[in-house]
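Presented as structure tokens, the chain that follows is alone, the form predicted alone.
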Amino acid sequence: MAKPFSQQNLRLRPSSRELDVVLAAQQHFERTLVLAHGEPVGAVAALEHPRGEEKANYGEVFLRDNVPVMAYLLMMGRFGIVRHFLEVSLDLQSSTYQTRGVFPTSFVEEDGALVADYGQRSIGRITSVDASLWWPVLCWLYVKRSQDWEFATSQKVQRGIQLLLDLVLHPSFEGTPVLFVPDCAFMIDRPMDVWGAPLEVEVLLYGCLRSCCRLMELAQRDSMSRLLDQRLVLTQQWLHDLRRFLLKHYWVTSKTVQVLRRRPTEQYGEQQYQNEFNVQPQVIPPWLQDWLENRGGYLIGNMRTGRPDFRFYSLGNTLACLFGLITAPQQRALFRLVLHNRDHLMAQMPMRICHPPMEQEEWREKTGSDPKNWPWSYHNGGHWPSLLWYLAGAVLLHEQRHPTADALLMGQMRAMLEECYWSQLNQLPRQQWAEYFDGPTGTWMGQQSRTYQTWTIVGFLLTHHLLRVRQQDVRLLDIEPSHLG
């Protein structure tokens, strides 16, 4: 049985090497930056290991991996690289009929030409959805921080937004406002039974639509386009419907689970909507009782007809805080849940990507016996240090938005973040900035983990910056407009 979190971390004393570690991480980060058309365009996924064993595509520029990179560059005021990254990604937006509007998963410059991957070279040939949804978010954060209004209102950017919205908001057989995707279509990019409407994709869709609205509102000032007005109204309505849907069907507390367990089933007709997805009480896992305690709450991983996924996904829940999808009281309920379950979610190497992991026959059936997703490894309950900065951002942004709310709870969250920061500072340099960690406590470097992983390095730098350098920079992560010039 795992020791209590406080006992596990008694030996993690503040290190006198803090400055040395930060400087080394900054040097590693500078080495990850690569050029396109002669100018810095972003970071590779991982630095080449001295033994030269890295896979070739880890030297490509992945949109997903560059989210923390771009956030860090914006905080450093290095706007030129961010704009170049956005422009190159926009130039590579797909124009083919079937994938029109999709942004590339990754790109690389070869012999002076940019080569993009839309899934045709990936393992399992899966096209990532999150790359496309992240682009408008990063674009809006760049515009808001740099006040580059000309870029936001340019025909090129506005056309890219419309192409993406055409792809995302098109009519389908389903009447719900969520975006349906196959397995492996986001950060969890190997089979994990996350097909349907996975939380991370739906929260990113929410952030994407909010950002698109902000960018269209800027263009609307200088345009009398009736089509733009109509598209803005449609997007705002979809955004409203999506949030209402997620809060109704994904948000759970001890109270809502008790209601769910007693709802009728086999309902038919438009008026019978108490149990729209015909969820049987037997599918509610018993571990939820202790997980939720009395005052905790979180967004479940997926809602599918008769098959909700009650697993906790760290990135989707923390992004829901940053994007303002869940309310302030719900965010504090999420923080209470994290504190209550920190032995699972933080443990030795903060933080776990999802919980609980699939084991034994369930693992074999639902992952295709994928050896990388062995129980307590990789996406199946592995620990990813790159996720900590999202939680730090969510906590610090909540404090700035609601400075007088539940001082005791927020003090406990800050104390936990401090322990997690020191845990990473003491371990990551020794573990060569590994991609992920294995085991129930995340003690062991991942069996197939890449070393000198870019988002591990920059995730640590972001956590350090927000906790030590300039806490108010967390406002960068707020997609609500602070000033529109």
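So that there is no doubt, residue numbering starts at 1 and follows the sequence shown. All values derive from a computational prediction rather than experimental measurement.
As for the form predicted together with a small molecule, it is not shown, yet the points below apply to it.
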property	result
Non-hydrogen atom contact His28 with the small molecule in the predicted bound form at 4.5 angstroms	no
Partner contact for Met187 in the predicted bound form: the small molecule, 4.5 angstroms, heavy atom	yes
Contact test in the predicted bound form: Asp65 vs the small molecule, heavy atoms, 4.5 Å	yes
In the predicted bound form, Trp455 touching the small molecule (heavy atom, 4.5 Å)	yes
Per-stretch contact check against the small molecule in the predicted bound form, the hit in 343-351, 146-154, 375-383, 239-247 (non-hydrogen atom, 4.5 angstroms)	375-383
In the predicted bound form, the residue from Leu33, Ala45, Leu417, Met445 that sits within 4.5 Å of the small molecule by heavy atoms	Ala45
